[in-house]
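Only one chain is shown below, in structure tokens, and it's the form predicted alone.
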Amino acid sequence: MKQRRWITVGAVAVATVAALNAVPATANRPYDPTAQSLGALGQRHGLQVGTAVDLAALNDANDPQYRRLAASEFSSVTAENAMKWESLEPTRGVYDWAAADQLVEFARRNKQSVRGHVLVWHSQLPTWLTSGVADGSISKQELRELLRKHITTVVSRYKGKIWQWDVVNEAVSDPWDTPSTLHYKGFWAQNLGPGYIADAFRWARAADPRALLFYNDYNIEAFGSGNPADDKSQFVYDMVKGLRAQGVPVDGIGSQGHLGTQYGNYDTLQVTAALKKFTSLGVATAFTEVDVRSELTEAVQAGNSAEINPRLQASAANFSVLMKACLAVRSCLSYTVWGFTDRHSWVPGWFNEPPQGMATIYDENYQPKRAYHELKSDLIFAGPPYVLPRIAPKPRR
């Protein structure tokens, strides 16, 4: 990725539209937008359409289709696990950059942008860190310095190569947690207090003045009661508003978009309203980890089409709702699916009581599902005056 590519995204979109529209159409060779990739169609709007990448699948010589689609179908990539702390520094003081470097190089070769995921999260931390805090061998003061060093080291290594960083991930509780009143949760809040969030953004900005810095979370696709005690979207809104008022360089809010067909999900206007409200803070927005899982009942597992088809249709509708909302709001800069094939999806390994799956836009045999085609049609048929090229903020100093 070229430095400052995010600044010229509008120009890229205009140029791409011109190029697409300039394809000579004849009776024998008409222009067919359905033959374009999701990434190419997204560029018409200045929108990056990306995927999380499983490095093991990418390197599997027996599964070349995964690499081919990851390279050709998307305009941005995110490391599914390779940039998390436990992967980068499994032994204290010894970094293993191989997988993360490989992804960045893969993106460079394929002219893709990179979303960095993730600098600070309470999960997938190295054992030496969590056990050291638990047994008292790592003090709170030392822990803060270790966090500063980690952020600085990682962001500095990829300076100029990462378009968006998920700086802090999932810092806010859910209404079903204990206590039910929303609060800052997890390892970092428990050990450093909520001030670690502002610190993390400031350290990341110092290491890379040009990357866009995001707060990332789930269940913030729409607003509910408007009460920060039980409305997670409102809590995140108030948090980011407060951080920016303190001069903290938060450039964007990432809504993960992990949905399920068994739930009462949102309509396009609800999600659009949420994106616009976040945008009113002066930040960019993005959908960062989109998938739509379904319960794998015995009938589904037996191949009962009467059970499977409604789930595929509901999945497609949910993917499409998020895409249409993103297209409608010019601050929404990217739409990333969290894995693109059921063959390599995190969902079955995580949601197993009851079993869940069918969460991505390609099936296990790399055949595109209805959801893939709905996303493609959203990108093809959207245009002025309601869908315009993206507007990216300048990174906040």
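Everything numeric in this text was worked out from a predicted model, so none of it was measured. Each residue number is its position in the shown sequence, starting from 1.
In what follows, reference is made to the form predicted together with a small molecule, a form of this protein that is not presented.
*Asks:* May I ask you to check whether Arg115 falls inside a 4.5 Å heavy atom distance of the small molecule in the predicted bound form?
*Replies:* So Arg115 does not count as contacting the small molecule.
*Asks:* Test of understanding: in the predicted bound form, would Phe235 fall inside 4.5 Å of the small molecule by heavy atoms?
*Replies:* No.
*Asks:* Could you tell me if Lys84 has a non-hydrogen atom within 4.5 Å of the small molecule in the predicted bound form?
*Replies:* Taking the distances in the predicted bound form, the answer for Lys84 is yes, it comes within 4.5 Å of the small molecule.
*Asks:* Taking heavy atoms and a 4.5 Å cut-off, does Tyr31 contact the small molecule in the predicted bound form?
*Replies:* Although the small molecule is absent here, Tyr31 would stay clear of it in the predicted bound form, with no heavy atoms inside 4.5 Å.
*Asks:* Looking at Ser137, Gln190, Gln124, Asn227 here, can you tell me which has any non-hydrogen atom within 4.5 angstroms of the small molecule in the predicted bound form?
*Replies:* The residue from Ser137, Gln190, Gln124, Asn227 that makes the contact is Gln124.
*Asks:* Which residue among Ser294, Thr272, Thr285, Asn169 has a heavy atom within 4.5 angstroms of the small molecule in the predicted bound form?
*Replies:* Exactly one listed residue reaches within 4.5 Å, namely Asn169.
*Asks:* Quick check for you: of 309-317, 169-177, 235-243, 277-285, which stretch puts a non-hydrogen atom within 4.5 Å of the small molecule in the predicted bound form?
*Replies:* That would be stretch 169-177.
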